[in-house]
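Given next, in structure tokens, is a single chain: the form predicted alone.
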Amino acid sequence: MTPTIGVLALQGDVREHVHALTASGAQAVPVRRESELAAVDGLVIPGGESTAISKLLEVFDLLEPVKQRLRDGLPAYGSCAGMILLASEVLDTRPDMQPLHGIDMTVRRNAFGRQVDSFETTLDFAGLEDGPVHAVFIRAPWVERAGEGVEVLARVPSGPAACRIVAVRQGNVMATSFHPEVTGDLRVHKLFVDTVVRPRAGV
């Protein structure tokens, strides 16, 4: 059973997510219209610029439809800016930025610093086999507060940001501060594809 997973294609690293999803066994399609959103079994919100994506969701009349599909149980995954958008509260952002309330969490935008403070590390990631994940952080957020129903999947292991939460899941919605789509490691995308497949297969 091949799920159709949309990648929100308004801004950001859309192509990389399409490639990773396809390599993980999904049919990946860009989503720019409400009709395209209505046809997918899951949605990826890519990295990019969170305030720009938030504004474009309004321009393309997708903000409320995406919120509604999330409320209706659509599986979703967000990386970096996608994590910010899926939050219920965002710190250090513009007042007109509208989060999607996909996960009960407070996220701090650009928490690790500016572009020059981007870095890479390895993380233990709950639920993934075959060792740690190589994580690339680019102007990344972190999770300041995870709600009661939110599962923490990964934390920064060491350094100034040690123990900061950088991957979470609530139900069938998942988010990471980092960019697995740029490393060639498909495990995070496969985990999300499995999340989409399970309810469709009645598992």
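Numbering starts at 1 and follows the sequence shown. Note that the structure is a prediction, hence the values are computed from the model and not measured.
FYI, the form predicted in complex with a small molecule isn't displayed, but the following is about it.
For the small molecule in the predicted complex, the listed stretch (48-56, 163-171, 142-150, 61-69) containing residues with heavy atoms inside 4.5 Å is 48-56. Shown here without its partner, the chain carries 5, 15 and 44, none of which come within 4.5 Å of the small molecule in the predicted complex through any heavy atom. Distance criterion of 4.5 Å from any heavy atom to the small molecule in the predicted complex singles out 110 from the list 110, 106, 121, 98. Within this chain, residue 179 lines the site of the small molecule in the predicted complex, having a heavy atom no more than 4.5 Å away.
Among heavy atoms of residue 81, some come within 4.5 Å of the small molecule in the predicted complex. None of the heavy atoms of residue 37 is located within 4.5 Å of the small molecule in the predicted complex. The closest non-hydrogen atom of residue 138 lies within 4.5 Å of the small molecule in the predicted complex.
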